[in-house]
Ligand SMILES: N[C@@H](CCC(=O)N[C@@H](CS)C(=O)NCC(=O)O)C(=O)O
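Single chain ahead, written as structure tokens, the form predicted on its own.
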């Protein structure tokens, strides 16, 4: 059985959990508490030298980085697919997903925030200003892009894709950091439809065994 080392509040872990539940792939949940720096322990370093989550083990297969894990799961269990079949829509889905996981997620990641506090000496007000700036910088163009395509049930098509797997965790983070989402009605509509699905409910941070 697949082993998934993750943390309930990790956005990258969250998107992998959605994929596993969506594809109905059984897995064993291993909690790695990032707040307590358990990922920096020698015990976890022996498992994953990158000392990060998520980390997936499937027999001899060992994968770090959520996008690589999602690609592996797609090959392992092609249906339901995470990618639109149309080449142009597939590229657009990846464009949106990468904007979320490369341009936004790293800037609200715990290790970045810790660096800002400890090395750049940001106070809480400056941290919040940083978060609000970057969330709006990415969510605003995504709202505009997706709102032009609202003849579909989800962001791009009538099926869940990698877009929703990356979007929903970031909207969860946005609320944690008190981001005003009132201007993003299209993104919130997609979110509400996703959260009706069992896979998304099971992947929620508060549904995990290590949730605090």
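Because the structure is predicted, anything quoted here is derived from the model rather than measured. Positions refer to the first chain, counted from 1.
Keep in mind that the form predicted together with the ligand is not shown, yet the notes after this line are about it.
J.: Are 92, 148 and 163 jointly within 4.5 Å of the ligand in the model of the complex, each by at least one heavy atom?
T.: The answer is no: none of the three residues contacts the partner (heavy atom, 4.5 Å cut-off).
J.: I need to confirm a contact call. Of 137, 117, 85, 111, which residue comes within 4.5 Å of the ligand in the model of the complex, counting heavy atoms only?
T.: So the residue touching the ligand in the model of the complex, by this definition, is 111.
J.: Check each of 186, 159, 33, 51 and return the one that places a heavy atom within 4.5 angstroms of the ligand in the model of the complex.
T.: Going through each option in turn, the one that passes is 51.
J.: Report whether the minimum heavy atom distance between residue 15 and the ligand in the model of the complex is within 4.5 Å.
T.: Yes, contact at 4.5 Å.
J.: Tell me, yes or no, whether residue 101 is in contact with the ligand in the model of the complex, where a contact means a heavy atom of each within 4.5 Å.
T.: Contact with the ligand, yes.
J.: Where, among 22-30, 61-69, 139-147, 177-185, do residues come within 4.5 Å of the ligand in the model of the complex by heavy atom distance?
T.: The contacting stretch is 61-69.
J.: Out of 174-201, which residues reach within 4.5 Å of the ligand in the model of the complex, heavy atoms considered?
T.: None of them.
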